[in-house]
Ligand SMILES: NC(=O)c1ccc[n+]([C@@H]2O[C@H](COP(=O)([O-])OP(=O)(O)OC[C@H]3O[C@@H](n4cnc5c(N)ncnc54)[C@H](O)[C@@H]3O)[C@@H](O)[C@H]2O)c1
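Next up is one chain by itself, shown in structure tokens, the form predicted alone.
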Amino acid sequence: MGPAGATYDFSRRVIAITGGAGDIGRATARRFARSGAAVALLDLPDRPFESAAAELEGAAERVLGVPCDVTDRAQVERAFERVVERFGRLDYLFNNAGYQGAFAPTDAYPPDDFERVIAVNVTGAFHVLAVAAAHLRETGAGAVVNMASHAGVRGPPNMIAYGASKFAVVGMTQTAAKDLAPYGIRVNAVSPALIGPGVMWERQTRLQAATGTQYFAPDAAAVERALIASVPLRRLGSLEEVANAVAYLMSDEASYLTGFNLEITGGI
């Protein structure tokens, strides 16, 4: 478990979080709700975004759950219209929805899964960023944090689709930061490495073990030990530590940071 984090005042501010029903989305929602923000959680209709919204601290009128498939531009537009109708404005976007994809060497990677990863992590992230930016321009300022990954900084084995998608998110962040700077909108990214416990960590260790490649033992527990041993701090990062980094990048203390990719890696 990471530290509680600095205290930022996000009262009278509104944040939209895509992938809001996931582990990192929920942790970030809790972080902002504790700091006074109104929170909108966007996720697929079959994901538990309503229960994620219900668990947040604070009054019910400060929380909204919205079904949204980020690969569908019309759904994204309707979702953000609902957010602004409910809260009257948009101040922050955590562009967090993503799909980890299959684990296989490049020559064996399933083409249909590659396309799905790109559709969610790149095209979907673009739809969300573009639609949210129009609302942020109406607000007159604001901040965006895109969910990249250390896989988009140092390409990992057996994850060509995910790695490619997250390299794209880092590039998208740098371009959008320039495009939106004239409107006072800052755009940054976070790139977590080994974060857990959670669904993605458990899935990663299990599926890497099953690849049969030279990089990983065929036992998930051994993969877990080896990955943690590769971290100089010798532990996983916590969900809360990712949420704290997002909160910092949204805060006024990061007011001169834009186009920056913050790596959350424990020193990898």
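Treat the numbers as computed from the prediction; the structure is a model and nothing was measured. Start at 1 with the first residue shown and count on from there.
Not on display, but discussed next: the form predicted together with the ligand.
The ligand is not shown here, but in the predicted complex it comes within 4.5 Å of a heavy atom of T71. Looking at M250, you'd find every heavy atom of it more than 4.5 angstroms from the ligand in the predicted complex.
M147 belongs to the set of residues with a heavy atom inside 4.5 Å of the ligand in the predicted complex. The closest heavy atom approach of V199 to the ligand in the predicted complex falls within 4.5 Å. Although the ligand is omitted here, in the predicted complex all of G19, I24 and R116 have a heavy atom within 4.5 Å of it. For the residues L180, V120, A132, A79, the 4.5 Å heavy atom test against the ligand in the predicted complex is passed only by V120. Comparing 89-97, 136-144, 171-179, 103-111 against the ligand in the predicted complex, the single stretch with non-hydrogen atoms within 4.5 angstroms of it is 89-97.
Residues from 153-188 that approach the ligand in the predicted complex with a non-hydrogen atom closer than or equal to 4.5 Å are Y162, K166, in the order they occur in the chain.
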